[in-house]
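Consider the single chain below, provided in structure tokens and representing the form predicted on its own.
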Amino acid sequence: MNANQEYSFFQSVERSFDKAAKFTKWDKGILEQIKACNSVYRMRFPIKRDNGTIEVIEAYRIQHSQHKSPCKGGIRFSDEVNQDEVMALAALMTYKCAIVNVPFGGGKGGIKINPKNYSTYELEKITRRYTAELVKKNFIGPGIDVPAPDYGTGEKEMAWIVDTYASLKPGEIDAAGCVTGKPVTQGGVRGRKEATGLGVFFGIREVCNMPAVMEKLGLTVGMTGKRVVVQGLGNVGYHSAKFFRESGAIIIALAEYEGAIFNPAGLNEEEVFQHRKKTGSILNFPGATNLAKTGDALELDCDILIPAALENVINSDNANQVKAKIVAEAANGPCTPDADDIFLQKGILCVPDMYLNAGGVTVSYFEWLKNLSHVRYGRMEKRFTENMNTKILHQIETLTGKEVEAGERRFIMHGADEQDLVHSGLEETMISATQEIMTVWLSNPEIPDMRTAAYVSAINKVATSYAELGIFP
């Protein structure tokens, strides 16, 4: 990236913000405060490599907004990390949390390294030193700023962070709440892995259950029979495809960087995943047709297109060729502003990433609450519920003289465990957020698209928080 491109990412977020701000009632000063990044921490620290050399590492933690505490946002390990990118991502976290009613301010972190170039021991040293630097400046804590995994990081790095934090804060009983995305054994929550893909499904399912929206797009209500194309078979794409297929949709194409495959009768994501694991490619999958380029999948005739991999894959060059009725942004920033304008002209509904892929931060919120409460979800009520359900079922069978079929019996008697409750909370979150955004959009015919409506919803919530805090008398 050159300097202009780096700056343009934050600028593009500000442009989207300004576009939406015109449809709000708030004073210009409040809007400027919401846009600004409150705190920027840029650090450099040395680590000793395995070969004995010393390397200086560049890293960031940015807190965009403290209208709610703590701040929340992932930490990415990438050699593309720079201050402007982290500022933009922190701002998007503020708006994302507001849209899905998660009571956090926005934050983001980044370490400018390519993790593939470092040993596990070196990555551990970098992660622990980064955490120690955050502790020194009071930039991490369960009530201050709570990181999470992002590009290039995962459960392992989060476990190192919580261990380092706890060792530097002896006796802090809520130390586990200083970071989310941890292994379950370290205070993580069940249901985190599939959260983003499941959130994408819940959001799109709610859109597809809105008769007025479906009529405008020329589609039937519901998920059954919808033809779906998924670009990306990573964690988000895989789980999106899984939940759409299980709901009755037909996955007609899957795309990865090596190419794409097409089968109008439908594909099973797990079978394709295993084929790729075995052969190194999704191409030549039995019963499917290979497409010449991975980008060709984006231009297939379908009902729902789910870009779940890279940024800017749909732009001014190919947006005119998109034939989907709904574009579901599962990845971060897969569609450019130029693509948005073209979709608007073509009558394509683009469901924006800033709320649609909020499943991760929503379930992170549940993990944080679990850490503060020090009790696993379902522990208090699971057996009580099962015992009550068993008694009710027995009474019904006694009164009717009929036995309930074995499969239904198991379903009725089941008491909710942690994963059930996490999925239920995520479903409620995505349904409510979708309805709120649609209400904002439909209440003002001048709002051009769903992305702008999402920003309007976020701005109104953040500004209301500031006003209620009495910061702006």
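Sequential numbering from 1, following the sequence displayed. Here the rigid core means the biggest group of C-alpha atoms that line up within 1.5 Å when the two forms are laid on top of each other. Predicted model, so just to flag it, every value in this text is computed and none were measured.
Below: the form predicted in complex with a small molecule, not depicted.
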All of Leu233, Ala309 and Asn357 within 4.5 Å of the small molecule in the predicted bound form, heavy atom check
yes
Please pick, from Glu124, Glu256, Asp84, Glu206, the one residue with any non-hydrogen atom lying within 4.5 angstroms of the small molecule in the predicted bound form.
Glu256
In the predicted bound form, the residue from Leu267, Ala331, Ala176, Val327 that sits within 4.5 Å of the small molecule by heavy atoms:
Ala331
Check Lys182 for me: does it contact the small molecule in the predicted bound form (non-hydrogen atoms, 4.5 angstroms)?
no
Counting only non-hydrogen atoms and a 4.5 angstroms cut-off, does Lys96 reach the small molecule in the predicted bound form?
yes
Would you classify Thr196 as touching the small molecule in the predicted bound form, given a 4.5 Å non-hydrogen atom cut-off?
yes
Closest heavy atom of Arg76 to the small molecule in the predicted bound form, within 4.5 Å or not?
yes
Segment that reaches the small molecule in the predicted bound form - one of 233 to 241, 343 to 351, 369 to 377, 126 to 134, heavy atoms within 4.5 Å
233 to 241
Ile144 C-alpha relocation of at least 2 Å between the shown form and the other one, rigid core basis:
no
My question is whether Ala292 is one of the residues whose C-alpha shifts by 2 Å or more between the shown form and the other one, given a fit on the rigid core.
yes
Relative to the superposed rigid core, does Gly234 relocate between the shown form and the other one - that is, does its Cα move 2 Å or more?
yes
